[in-house]
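Listed next as structure tokens is one chain, alone, in the form predicted on its own.
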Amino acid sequence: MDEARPLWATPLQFVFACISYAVGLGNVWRFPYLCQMYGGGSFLVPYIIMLTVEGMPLLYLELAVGQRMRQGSIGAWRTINPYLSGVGVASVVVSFFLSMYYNVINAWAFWYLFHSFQDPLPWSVCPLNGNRTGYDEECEKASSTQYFWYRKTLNISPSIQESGAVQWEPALCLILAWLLVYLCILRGTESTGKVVYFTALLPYCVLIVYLVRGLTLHGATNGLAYMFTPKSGIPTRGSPALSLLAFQMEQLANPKAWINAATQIFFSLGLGFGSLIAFASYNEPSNNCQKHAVIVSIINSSTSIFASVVTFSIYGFKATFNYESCLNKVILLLTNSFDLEDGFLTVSNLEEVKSYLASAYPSKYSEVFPQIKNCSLESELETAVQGTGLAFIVYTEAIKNMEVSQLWSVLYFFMLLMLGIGSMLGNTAAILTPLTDSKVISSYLPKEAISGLVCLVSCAIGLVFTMEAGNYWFDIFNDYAATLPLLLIVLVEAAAVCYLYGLRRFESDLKAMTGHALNWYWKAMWGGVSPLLIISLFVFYLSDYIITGTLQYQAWDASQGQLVTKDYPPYALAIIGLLVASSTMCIPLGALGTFIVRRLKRRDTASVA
């Protein structure tokens, strides 16, 4: 099997494949949100520590296992211990869940990319109502970008109970996304190895272009200052330096900052899915996977920080634009209401004039007062958004106000598409490698047919996410399909290598394979620190689910033009339970199945004797 196994053309292809897989949408739309929530620069302290004690060691562990065993996740863990085949199966199940819903993001990116060539951009203005006497009521209550996302893209239903029909335009985009993925994985490492050069490098080109543009936008410095300036509620006397220090200590003492840092590192690197094991299985046995683990970890985290600078420069522009627009509306309202001379009322004297008008014309001012908006740059910047809300609402709102907005829209959604496709290559590799390694399956079906069937089945099931209630199901899969199962999978992986296979045995395997001895740092992390961190995360998430009680979701209320909180119905809770159980139960069931088969074989052997 080893001699016939395909290999990466160069070690660089392998590194690019890992970078393309690890550097994904989470780097762009979750890490900036965490920086915003936990004090900007101070969040980097727990983040870098967690990278050192959790992310980098566990990444190296998975790469080393894949390169040593030269098989996909199922075969690799079965080789380490026959009772661990369920660990590989659990990884495949989680990766299958992920591929079903993750490619929907690429479908949305395609949808926005196609609409980016219109002038004006379709999300830049509200459409007219049916009578053409004014703007659409839902759009006016929300915003043009929210309306385009919730109504034109998702055509979202009021609740998860109202499934609605499949939306054919997003469905076609989903089919296109799966077709593109299939073409990229058609010939295994031969085709994937060429595609990763584009999916790994092009997003950086776009981010650099966006950085240059973002830093030149009006108000960009407001966003960057907000990101790195402490926003503490602690009153501190003395110098600003003492205030900064007090806030940083407050955030470092906040357990949620550490938990979110560990979670971000864990999921950003894609641990536990089996993708890294699959990629490493196509390496030469002598490949220095330790060096590559360090390189991929550092590049992934550096990209998150870099993307945050880009995001907050754009975010600052959007917030400043909205703030100044709000002020201009107030100035226009007061100028018209009190017949003031044009140009008399400005931003600099607005508060002073408002006080004068309130005292000189109290009755008239009281009539106008309900229409005066409270404009605040701080409140605009404090709107913390992550996920699809950041990618498809906040960014589009900023892009629509840029000059040559079509160009920036095309570049942005092309970047999202490259990031999404790069991650999908890893997700599908985690599924396909164990299947193509199986002699039973590969003897009946060629690799191209196996790839086609996986893509076809995933696409067919993924059509659920293009229904009117599809976004609610997307959130369920995104929130619950992977979190707890992956923590359990990686915990078992670390324990299996250190205590079942044996750390000394694995150390000698690595030395014979690469020629490098395993130093104390990796052994300490694998044997104690990293598993303890995973257990802590597992306990936190489990207790958080229990304390929360009834799980809730955000539903779109068209009459209010905003999101409202609703409880999940019982059948949705049952599906959440099945999502978690279907992958985690693979581990004990796999061990039980192996135990039963071995007992039966022993019985048969004893009866023959």
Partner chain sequence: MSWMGPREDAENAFKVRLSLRTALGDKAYAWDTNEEYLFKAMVAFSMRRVPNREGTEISHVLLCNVTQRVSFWFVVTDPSRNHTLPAVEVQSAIRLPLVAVSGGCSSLRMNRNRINNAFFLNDQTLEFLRIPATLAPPTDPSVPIWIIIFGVIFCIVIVATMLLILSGIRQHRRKNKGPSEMEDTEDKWENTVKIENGIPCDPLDMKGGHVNDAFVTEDERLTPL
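Residue numbers count along the first chain shown, from 1. The shown structure was predicted, so the numbers you read here are calculated from the model rather than taken from an experiment.
From this point on, the text means the form predicted in complex with its partner chain, which you will not see here.
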query	finding
Its partner chain in the predicted complex: contacting segment from 207 to 215, 264 to 272, 501 to 509, 295 to 303, heavy atom within 4.5 Å	501 to 509
Any non-hydrogen atom of residue 256 within 4.5 angstroms of its partner chain in the predicted complex	no
Contact of residue 468 with its partner chain in the predicted complex (heavy atom, 4.5 Å)	no
Proximity of residue 535 to its partner chain in the predicted complex, heavy atoms at 4.5 Å	no
Non-hydrogen atom contact residue 528 with its partner chain in the predicted complex at 4.5 angstroms	no
The unique member of 406, 163, 335, 290 whose heavy atoms fall within 4.5 Å of its partner chain in the predicted complex	335
Interface residue in the predicted complex among 340, 224, 463, 441, criterion: non-hydrogen atom within 4.5 angstroms of its partner chain	340
Residues within stretch 182 to 197 having a non-hydrogen atom within 4.5 Å of its partner chain in the predicted complex	182, 183, 186, 187
